[in-house]
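Here we start with a single chain on its own, the form predicted alone, put down as structure tokens.
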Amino acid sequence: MSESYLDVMNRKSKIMKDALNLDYEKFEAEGIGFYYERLMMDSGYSIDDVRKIQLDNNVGNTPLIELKRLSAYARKFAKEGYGARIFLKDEAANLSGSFKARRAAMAIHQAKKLGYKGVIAATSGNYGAAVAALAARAGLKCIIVQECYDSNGIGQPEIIEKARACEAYGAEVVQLSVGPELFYQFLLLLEETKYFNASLYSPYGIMGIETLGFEIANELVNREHQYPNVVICTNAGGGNLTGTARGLIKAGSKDTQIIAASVDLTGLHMASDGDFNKKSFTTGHTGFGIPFSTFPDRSDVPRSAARPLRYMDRYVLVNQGSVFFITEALAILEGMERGPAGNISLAAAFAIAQELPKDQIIVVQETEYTGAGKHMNAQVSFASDRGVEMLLGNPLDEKAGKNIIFPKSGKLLKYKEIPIDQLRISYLKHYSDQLLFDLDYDYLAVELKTDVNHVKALLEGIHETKK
């Protein structure tokens, strides 16, 4: 068969179907929608099944830790009676060192069950290490495809570290420069090897994270006799938030506020060769978080099981310097040195805790391991070498790619809020030129966690701006 870019892209639906043994067409509804819950339920796994599979693989049941000293530090800047208690789910205790092991455990289990000889994942992050580790336990071959370098052959240190981790677990790592060839090469490898697509966005990837939300809710009820008031999820592709929220709901924690947090990299383009190495975060940033929230089906499966706007109550942004600040604070105050991604949520939690009464509970729902290129010192040195200026001051003045601004104290650690309607409007623009029927409006209302009248009002506003 032809390996030209266009021909491979024309075969992508068949390639993806064969690589997951999942027929997405049977979940398509009339109009623009699809039967999301049917897609999730059709897997045949209950949450108890998922928990057993994970525990059999040294995944899950991680510690939930109250950050008493960090909470006390936040209260120094809050008004009397305020400063919520901050808890942290220490996912660094998982096999491979991150919550991604929950997703990988299910993907590998399904691949083994269906008789695939190996798995492939396209990821520059912790998921690659998780897939490699779980594949090693299952005796499956593993290939990880990474976007790793710019055109000068310079690699971001965090991505290089994750490649090292994948190789340590026996995986073959295919490293590419930034650009559109990642998905093309991924499809070619799936077609050539006949391996399983261990996608982050399959139903198996999302249900693997449901246990995380389920554990948080149940452990807090057992220890504190209440559900969490707020859970903050670092948001990139949306699966982390989606799975955690679904798990909370399954445990009965239906009124918990779900807040997405990302690093603000406004102004940097993730597919730009020139911008690739100007960022100090390879995940959990706006370059992934915004587009995957407003158009989730841009992923490596026909319909993504990560639908963050179905569950998101708020979306906040923190800057790079604030995340580095809270990383150091966590180490100094709590004796916990953890990697960058989970600390994005922790930076947001530190500021939001000051706005809530003392008796409320905020949970930061994941941590990750750190070391080598993932460490903040490596990131700061790499940025400095790229000409990024290091400053002390107001973090909200930071300009991604030009400077990193560290807060002078915790008092200056703040966040920006993205109005949820702004995200809903971006989502709806994909459908604003289509003729929509009642079934479509019902689907969009669920997708956007609102009601039909609000959806119609937002669409009318889009039409007005086009006149």
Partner chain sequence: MIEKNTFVQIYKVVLSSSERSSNLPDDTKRLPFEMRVKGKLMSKASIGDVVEIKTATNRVEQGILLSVEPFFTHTFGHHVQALKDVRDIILSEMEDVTHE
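Worth saying up front: this structure is predicted, and the values here are computed from it rather than measured. Positions refer to the first chain, counted from 1.
Keep in mind that the form predicted together with the partner chain is not shown, yet the notes after this line are about it.
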Decide if the three candidate residues Y149, G179 and E328 all line the partner chain in the model of the complex, where lining means a heavy atom within 4.5 Å.
yes
Where, among 303-311, 382-390, 204-212, 253-261, do residues come within 4.5 Å of the partner chain in the model of the complex by heavy atom distance?
382-390
If you check in the model of the complex, is K416 within 4.5 Å of the partner chain, heavy atoms only?
no
How about F406: is it within 4.5 Å of the partner chain in the model of the complex, going by heavy atoms?
yes
Can you tell me if G373 lies within 4.5 angstroms of the partner chain in the model of the complex, counting non-hydrogen atoms only?
yes
Considering only heavy atoms, tell me if M336 and the partner chain come within 4.5 Å of each other in the model of the complex.
no
May I ask you to choose, among K358, K113, R223, R164, the residue with a heavy atom within 4.5 Å of the partner chain in the model of the complex?
R164
Residue within 4.5 Å of the partner chain in the model of the complex by heavy atom, from V230, I249, A92, V174, is V174
Within 4.5 Å of the partner chain in the model of the complex, counting any non-hydrogen atom, which residues from 179-207 show up?
G179, P180, E181, L182, Y184, Q185, L189, E192, T193, Y195
